[in-house]
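One chain comes next, on its own, written out as structure tokens in the form predicted alone.
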Amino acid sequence: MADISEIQTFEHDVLVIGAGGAGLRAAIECARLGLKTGLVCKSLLGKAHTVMAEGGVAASLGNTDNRDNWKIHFRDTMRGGKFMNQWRMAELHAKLSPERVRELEEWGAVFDRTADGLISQRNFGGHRYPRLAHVGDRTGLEIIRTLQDFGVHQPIDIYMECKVLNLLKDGPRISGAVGLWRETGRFVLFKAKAVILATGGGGRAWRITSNSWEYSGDGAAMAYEAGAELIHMEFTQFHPTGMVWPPSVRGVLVTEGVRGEGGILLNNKGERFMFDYIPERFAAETADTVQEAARWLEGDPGARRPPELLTRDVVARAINTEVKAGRGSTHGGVYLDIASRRSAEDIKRKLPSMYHQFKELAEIDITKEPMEVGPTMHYFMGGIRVDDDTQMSQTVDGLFACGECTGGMHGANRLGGNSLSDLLVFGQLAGAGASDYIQTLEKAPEVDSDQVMEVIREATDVLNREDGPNPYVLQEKLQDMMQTNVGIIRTRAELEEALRQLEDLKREAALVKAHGASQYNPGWHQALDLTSLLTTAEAVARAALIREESRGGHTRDDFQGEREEWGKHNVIISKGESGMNVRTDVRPDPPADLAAIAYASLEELEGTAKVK
């Protein structure tokens, strides 16, 4: 047995990896239930993509339109996800979101208010009614602030700037994790009875992305290595509006709240082109879409939504089509105009972050001129396959997950605003699930010293080699390849080429060299992130190759349109003896009561099913 006695060691009942909204909410729940809780941050506490969810948190409070309720929220979520969502997860999300938002308010969140003093709610893509509770265009930041301020007063041990390298197991059960202090390069051992992953997505595998450096798919990759299954990895969301100019900020998010406040999309001919891309399904539900849009612009509360607020997959593909047809903006996007729709005072009051973002980064005054925007890799609908109620992996005992690193809740496409309510709802459920699991254990799992030393050996090999490929060059190759071959529109030939290049990149990555010492060494950290990025990228490419249809965030140019048979199957990724396994599982029939809600008319659901 290897000697691990000199490695810094911490023991907890539960270890939460990832300190965004999902991780913070999970840790708070664990502490509330009396568990000795550790929270690990790859960066600093509060440095998370939760802050990028600027437009609002989706919950059927019914404050702006009292016809709204959980059933209509559930219906919108299922339809937005092209009915690929896990039915029970979507039900829990819709039912529990109002409770979680009100809880945030009790903890100190300061939401914008209606004239009656209620939490204000705004329109957003795919939502039938104004449903997004908001704080200007800084809602995610307010949620992180609230959770952070509340969390630091709970009995939670917080470990910042620590990268978790891999999970440890005692037979079929999780027993802890091995990490690395980014500043000193020293290793750390965490012993735990349960682990909750809340590490976000893997958008850094693409060149144009709203994701920051932390988002390398660590959670999905570690879970995969530990034996967990991944689901819906082919469904990747390209947010329709990221900045396209200047190049230094290409991909930086432009909140959907701009369109929620009345912003319209224009091509270089000045045409409001989204009217040409209204899906038949939407047109069939709305008697006169042009009339509906006019009613919305006039402030008619009975209107549904304008075409700019169709689901993100529809808008992103429309923008992509306009650009390819030569009708794009000067720098390869389209124009997003709020200046002609709202007064300068309104824009600065309701969209302060966007006003300052464009002023400082692009020298554009959005109160006077339009923004240039285009699709940017933004969010993973796919991730770790978990039990709907407990959030525990279906194949690894003691491994839980919540937030963006899980799959199933959003189906083929996530509605804007559902990410914030998702992390609140399932963060709480993951914490409760971990508590219930730990109570079933007769004894704590044991840490295998050989596993610990193997993780450390693999990490230090990168430093100890005489020479090898540069990790930064490899990541650039990966990003260019994924942008070209696994982008917003895909084909069999492109996906097969992606997998061929991924095999070459994996061989190079196995020999990668980071120069310098172990103390704060960005090259070493980049090399370690490559493992997760490559696993995540391969999972997306393999799942995308096998799903021969176009649905939600997955568009195949060689298999256009949704195929009925594929609506009945989930694509599952798992680790095999000789590499990555891909299979399709038949989706179970939906519960009759939920199916009735999802397929019901609005008139049948309005004013019903208020959850107290």
Partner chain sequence: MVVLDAIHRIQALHANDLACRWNCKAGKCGSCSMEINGRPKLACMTRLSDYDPEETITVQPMKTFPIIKDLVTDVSFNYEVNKRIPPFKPKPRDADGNYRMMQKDVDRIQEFRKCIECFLCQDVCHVLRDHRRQDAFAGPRWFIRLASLEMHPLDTADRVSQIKEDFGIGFCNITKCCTEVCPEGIHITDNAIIPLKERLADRYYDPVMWLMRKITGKDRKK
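Numbering follows the first chain given and starts at 1. Being a predicted model, the structure only gives us computed values, none of them experimental.
What comes next is about the form predicted together with its partner chain, which is not displayed.
Enquirer: Just one stretch in 247-255, 223-231, 332-340, 420-428 has heavy atoms within 4.5 Å of its partner chain in the predicted complex, so which one is it?
Expert: Contact-bearing stretch, as computed: 247-255.
Enquirer: Consider the chain as shown here, without its partner, and state which of Asn268, Thr484, Thr491, Gln148 has a heavy atom within 4.5 Å of its partner chain in the predicted complex.
Expert: Selected option: Gln148.
Enquirer: Among Glu345, Asp450, Glu363, Asp504, which has any heavy atom within 4.5 Å of its partner chain in the predicted complex?
Expert: Answer to the contact question: Glu363.
Enquirer: So, Ile384, Met392 and Leu441: all three within 4.5 Å of its partner chain in the predicted complex by heavy atoms, or not?
Expert: The answer is no; none of Ile384, Met392 and Leu441 reaches its partner chain.
Enquirer: Please determine whether Gly523 contacts its partner chain in the predicted complex, using a 4.5 Å cut-off between heavy atoms.
Expert: Contact with its partner chain, yes.
Enquirer: Hey, in the predicted complex, is Glu372 touching its partner chain, heavy atoms inside 4.5 Å?
Expert: Result no; Glu372 lies far from its partner chain in the predicted complex.
Enquirer: Is the gap between Trp181 and its partner chain in the predicted complex 4.5 Å or less for some heavy atom pair?
Expert: Contact check for Trp181: no, nothing within 4.5 Å of its partner chain in the predicted complex.
Enquirer: Is Val135 close enough to touch its partner chain in the predicted complex, meaning at least one heavy atom pair within 4.5 Å?
Expert: Close contact exists here: in the predicted complex, Val135 approaches its partner chain to within 4.5 Å, heavy atoms only.
Enquirer: Sequence order please: the residues of 89-115 with a heavy atom within 4.5 Å of its partner chain in the predicted complex.
Expert: Contacts from 89-115: Arg102, Glu103, Glu105, Glu106, Trp107, Gly108, Ala109, Val110, Phe111, Asp112, Arg113, Ala115.
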